[in-house]
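Heads up, the chain below is alone and in the form predicted alone; it's given as structure tokens.
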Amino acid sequence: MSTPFSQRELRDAFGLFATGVTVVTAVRPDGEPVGVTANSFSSVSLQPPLLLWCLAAGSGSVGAFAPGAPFAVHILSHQQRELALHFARRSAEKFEVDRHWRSRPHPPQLADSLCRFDCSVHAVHEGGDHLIVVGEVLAIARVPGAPLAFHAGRFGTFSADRDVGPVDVWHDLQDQWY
């Protein structure tokens, strides 16, 4: 039996799923760079290499994510909390770009992120009040470090169990999931 819930209760319930934190960067058709904080990031496919993330349908950044457009997803490190907050704000002034960048605009790259996925928009799907942006991964850049985590409206860090080594869950469970 289901019970009625408010939008706030649904948002709080969604927030119980601990996630990493990303900043997605791109360039609008007018040449202005955009950047948004998103924790709605997920891997989709290894072949072809696809990922997805969600963007509010009313965002001023929507125009940057037309099919084929380049974008970058940055997985933030634990030290990048302020960067996550900066790109979560509704502000037009998120970047300082030089004139050399403007002559060949490309998705801005954020320094010190744990991983950057350079992508092109593979597809965009409507999903209620959000758009689901599916990207084809073209390149990856990685550095070691601890990820920034988000749970129940708060930032934190991930702490791995010390008594268990790395597990390739994707490989071990892949046959069971499909």
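Everything quoted here is computed from the prediction, not taken from an experiment. Throughout, we count residues from 1 along the sequence that is shown.
If you look for the form predicted in complex with a small molecule, you will not find it shown, but the lines that follow are about it.
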{"item": "In the predicted complex, the one of 141, 56, 138, 123 near the small molecule [non-hydrogen atom within 4.5 angstroms]", "value": "56"}
{"item": "Heavy atom within 4.5 Å of the small molecule in the predicted complex - the one residue of 134, 36, 110, 69 that qualifies", "value": "36"}
{"item": "Touches the small molecule in the predicted complex: residue 60 (any heavy atom, 4.5 Å)", "value": "yes"}
{"item": "Contact flag, residue 155 vs the small molecule in the predicted complex, heavy atom cut 4.5 Å", "value": "yes"}
{"item": "Interface membership of residue 40, the small molecule in the predicted complex, 4.5 Å heavy atom rule", "value": "yes"}
